[in-house]
Every structure is written in C-alpha cells, then in structure tokens.
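One chain is shown next in structure tokens, namely the form predicted alone.
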C-alpha cells in the first residue's frame, strides 16, 4: 500500500511537503522580511553623518576645525562685549589685554608670581591627592574602613574651606603654610569621595576571579583594584585641579606678597582692567595645558581605558 498524501490533486498542481519548497521560503527563512517590506523607500541603509554619531570618533581635521571655531566664537563675544562696555562695566579689548600682558612680562613680575602660585598649588594639591588616593582606595575596597570614615568626611566636607582662612592664619601664621593648608582643605574631601567611587566601580567578577586563582588580599589590591582604578584616579585629579587654583586665589587674597591672585587684587585697586584680564587668561592657559597633560598621562598609564 502506498501513501498518496503527497500525490497531486487534480487541477491543483504539484504539492510539496510542509516546510519545504518555494511555498515557505519567503515566509519562514527571514523573520525580518515583513518589516523590510513595510519600511519606507529610501530609509534602508541610511548612513549617519560623522558629526552626529553617538560616542563615535570624528576625523582629526574636523576636531581641530571645531576647536578653532569654538575659540573664534569666544573672541567674537569678547570683541562685542568690549565694544558695548560703558560706565562701570569695563571690558578691555583683546589688544589692550595683550599690551597689558607684555608689560606684565617685561616688568619681571609675571615670572615671580607664576612661580610662587605654581609651587603653592603643586605642594598643596600633591598632598591632597596622596591623602585622597590612600583613603579613597581604602574606603572603596573595605567596608569596615568605609563605615569608619564615611561619617567624619561627610560632616567635614560641608564646612566651606574659605571659612577656615582666619583660623589657618591664626594657627599657622602668614607664611606659606596657611595657603597650602587651604588648598588641601578645599580639595582633599572631594578627592577622597570621588576616588572611593572609582574604586567601587571595579567589577566584582575580577576580584572574585583573582581569589579563585589563589591571589591574596594584598595582591588583589595591588594587581587588580589599583590598575583598574588608575584612569579614574587621574580623571579625578584633572577635574579637581580647578578647585585647587580656586583655593589658591582665595589664599593669596590675604597675607601674600606675590602670586597671581595677589596681583589680581593689586590690579583691581588701581583699575588695571587690561592686566586683570591678562591674569584671567593666564589661569585659563595653565588650566588648559594641565588638562592636556593629565589626559596624556591617562592614555600613557592606561591606553586600554581610552574613552
């Protein structure tokens, strides 16, 4: 006895087994076929512009052009503000600011002030970062240390550092010590908390895998947690460096005989608007080069963590 279930029915043409043949190829082989048929003409394979891609690289030449355009925009705004300034609101022109800068340079005061301010920031911020790395990594790695330090740091960080200036002057005198102490007080708590967050971001799987492979606690800390945290620690240093310069200016407003902040106050007393703007631009240039240097250090230390 033969099976006639697949025999052709008269007038219907040849039949094919279920799931085979041309009758099912266009229905089951490509699940996205109905969506493609419903897509509008001209939308398939649309290419995104390089400037608007999410988290994608852009050509180096385009980056340079955009950066120069942004700086040119600032200069245009500056020129308009200088043209419209009148009365008590005085904005010097870029040319007047450049002339004031050259006078400041030729007088020899610029090198003295820049050196004094740079040394104060370097000393104070280095101490702040060392304390921030030690305590931040410890807080982010050990729950017991976090429980001990979280409350004191949360209490102290809400005290404005500038309010401590009179106390520092009474305790430490009018030499360099109160200026450095103010820079430390104004940055150390933020460094600690931000570095602790960076350390907490180390994947738990890496730590567990290291323990599984036989690594001890100290080895995991030095070979897993710290290397993974270095890019974030450098970013913390880059971000909070601006706060160090802010604290420096506040420190040099009182009991200082040199420094960029001190010279700013001197220029304000004699209505030297050009020199004031020149000092502001010096701060901006220092910050820009410091930022680029720390970005380069981040790439050098952890090229695998490039965003």
Partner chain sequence: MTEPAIAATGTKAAPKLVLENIVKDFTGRRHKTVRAIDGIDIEVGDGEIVCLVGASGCGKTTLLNIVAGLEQPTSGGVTIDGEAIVGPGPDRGMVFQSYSLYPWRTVSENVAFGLECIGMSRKDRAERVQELLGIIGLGRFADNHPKELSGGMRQRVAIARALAPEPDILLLDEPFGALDAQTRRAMQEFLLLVWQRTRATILFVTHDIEEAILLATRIYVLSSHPGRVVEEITVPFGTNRGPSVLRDPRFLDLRDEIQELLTTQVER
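Predicted, not measured: the structure shown is a model, and the values here were computed from it. Numbering follows the first chain given and starts at 1.
The protein also exists as the form predicted together with the partner chain; that form is not presented, and the subsequent description refers to it.
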Q. Just to confirm, residue 213 within 4.5 Å of the partner chain in the predicted complex by heavy atoms?
A. yes
With a 4.5 Å heavy atom cut-off, would you call residue 208 a contact of the partner chain in the predicted complex?
yes
_in the predicted complex, does residue 73 come within 4.5 Å of the partner chain, counting heavy atoms only?_
no
- Report whether the minimum heavy atom distance between residue 227 and the partner chain in the predicted complex is within 4.5 Å. yes
Checked 157, 200, 223, 217 for heavy atoms within 4.5 Å of the partner chain in the predicted complex; positive is 223
Among 146-154, 179-187, 200-208, 163-171, the stretch whose residues bring a heavy atom within 4.5 Å of the partner chain in the predicted complex is 200-208
